[in-house]
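Read the single chain below, which is given as C-alpha cells and is the form predicted alone.
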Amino acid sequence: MKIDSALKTAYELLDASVMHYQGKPVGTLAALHSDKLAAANYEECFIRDFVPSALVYLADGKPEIVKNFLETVLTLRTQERSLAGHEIQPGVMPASFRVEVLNDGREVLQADFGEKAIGRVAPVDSMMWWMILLFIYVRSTGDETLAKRPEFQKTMRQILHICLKDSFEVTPALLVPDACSMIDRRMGIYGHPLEIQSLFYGILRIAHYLLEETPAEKNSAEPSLLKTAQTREKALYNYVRIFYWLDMDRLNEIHRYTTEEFGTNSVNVLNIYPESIPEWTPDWLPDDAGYLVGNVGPGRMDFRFFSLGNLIAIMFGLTTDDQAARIMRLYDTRWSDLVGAMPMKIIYPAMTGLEWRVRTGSDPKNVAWSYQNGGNWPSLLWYFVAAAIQTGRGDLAERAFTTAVEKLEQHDWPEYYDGKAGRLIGRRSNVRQVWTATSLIMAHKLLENPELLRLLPD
C-alpha cells in the first residue's frame, strides 16, 4: 500500500537523521545530506523543526531523545550572549545547533542565535517551542521532575520575563521583528504577527502547569510572575479574538469605519483605514467563513491568511469554537487556494510586483508563489490534521493526508512546493527534509489515534 511504503521511508529518513552528542541522541538534522542541499545549516538541528520529530518519538514511547534535546538546548541558551557588542537577553534560545568534532576528537556543541542567519535575526519562536515541547513531554511521560529542576524553572522564568517585560506597547500582543519565526526572511511580518501571538498564548496558557511560585513571590504584595502571565493570557485571548478576527460582518464594519477618532469611546481604536482593504478580500471571503488576519497594529491590518498562526490558534484554544469552525470552513471552501496539490499553503495570497519588491527587498527566493511567499509546505500537514480533527472536520484531515501521501515519497520529501496550486517541487527546495517526513508520520498517527491531541496545550 502507498501509505505503508511512505511511512516506512519516512521513518527511515527520521532514523538516519538522529544527531548524537557524547553518545546520546540529542536531536534530528533538518535535512539529510544530498547534492542539492541548499545551505550548511540544514545539517543542524533546528528547535522548531524538531517538534514533529519529538511528537513522533513521544507517540512511539521513546521519550529519551526528547528529554536529551530539552536538556541540550537548555545548556546552549547562554553560549552566545553578545552579538556585535549587543547583549542577548537571558532565555533567548538558538535557532539551531550542531555537533562539531575538534582535532583532538572532542565533541562540542555550536549554536546559532541568528549571527549566521540570513538577515541576522534572532528567533523569537525557539524559546516558545522549547517551553511548549517541555509541556508536551511532561504530559506524555508524567515526568514532572524534569520541569521542576532548578535550571528548567529558571529558564522558563527568563522566557516569561522577556515576553512580559514592560515596554512602550499598550496592547497585550507581543512586538517582534521581521524574520523572527518560521517566516524567517523579510516578508512584512514585523509588528505583531499572528504566529507569534498564538505561540505566546500557548506559553502563557501552560505556565501555571510548569512553573512554581517562589517563596519570595508567595510572601510579596506584588503580583507574581505566574499571576502576571495569567493576566496577560486573558488579555491576549480577548484581544486576538476581537481585533484579529475577520469575517464578512467584520469586513463590512471596517469598510464603513470612521478614522481619526480620538478618545476612549472610539470604535476604530487602531485607526484602520477602509482604503487599506485589498481588492481580493471581499470577493474571496465566503459569507459563512472567517479567519485570523496575519498582523494587526496602529493603522495597519495585514489581511493575508497565514496558515500556521491560524492552525496553532485552533490547536491551543485561542479561537472560539465558532471561529475555529469558520476557519475550517474557509479551508473547505477555498481548498484550491489554501491547500491545492500539496498541503499546506503557508501564506495566501502571494505578494507580487511593487509590493513584493518593497516588502521583501526583491528577495529572489521569495518570488510569488514560492518558498515563504505563497509556497506550499508539507511540514504544515500535521498542524492542519490536528486542527481539523479538533474541530470535528476529520474529512478535511483525511483529504489533506491523502493528497500528501500520494506524492511526498515519490518526490523524495521536499521542503516546499512552488506555484499557485503547489504542483511544482520548489526550485530551491531541499529534498530529504526531515520535518516533511515527520509531519506525515504525525498526521497519520493523529488520524489513527485522535487521543494524541490531549498532549497539546488546551
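When you see a residue number, it is the position in the sequence shown, counting from 1. Since the model is a prediction, treat every value here as computed from it, not as a measurement.
The same protein also exists as the form predicted together with a small molecule; that form is not shown, yet it is the one meant from here on.
Engineer: Is R48 one of the residues lying within 4.5 Å of the small molecule in the predicted bound form, judged by heavy atom distances?
Structural biologist: R48: yes, in contact with the small molecule in the predicted bound form.
Engineer: Could you confirm whether N373 comes within 4.5 Å of the small molecule in the predicted bound form, counting heavy atoms only?
Structural biologist: N373: no, not in contact with the small molecule in the predicted bound form.
Engineer: Contact with the small molecule in the predicted bound form for L408, defined as at least one heavy atom pair within 4.5 Å: yes or no?
Structural biologist: Heavy-atom contact with the small molecule at 4.5 Å: absent for L408.
Engineer: Answer with yes or no whether M182 is in contact with the small molecule in the predicted bound form, where contact means some heavy atom within 4.5 Å.
Structural biologist: Although the small molecule is absent here, M182 would touch it in the predicted bound form, with heavy atoms inside 4.5 Å.
Engineer: For the chain seen here without its partner, which of 105 to 113, 135 to 143, 315 to 323, 364 to 372 has a heavy atom within 4.5 Å of the small molecule in the predicted bound form?
Structural biologist: Among the candidates, contact is made by 364 to 372.
Engineer: Ok, V26, A30, L58, A397: which has a heavy atom sitting within 4.5 Å of the small molecule in the predicted bound form?
Structural biologist: None of the others qualify; the residue that does is A30.
Engineer: Identify which of F384, W377, Y244, Y331 has a heavy atom within 4.5 Å of the small molecule in the predicted bound form; exactly one of them does.
Structural biologist: Of the listed residues, the single hit is W377.
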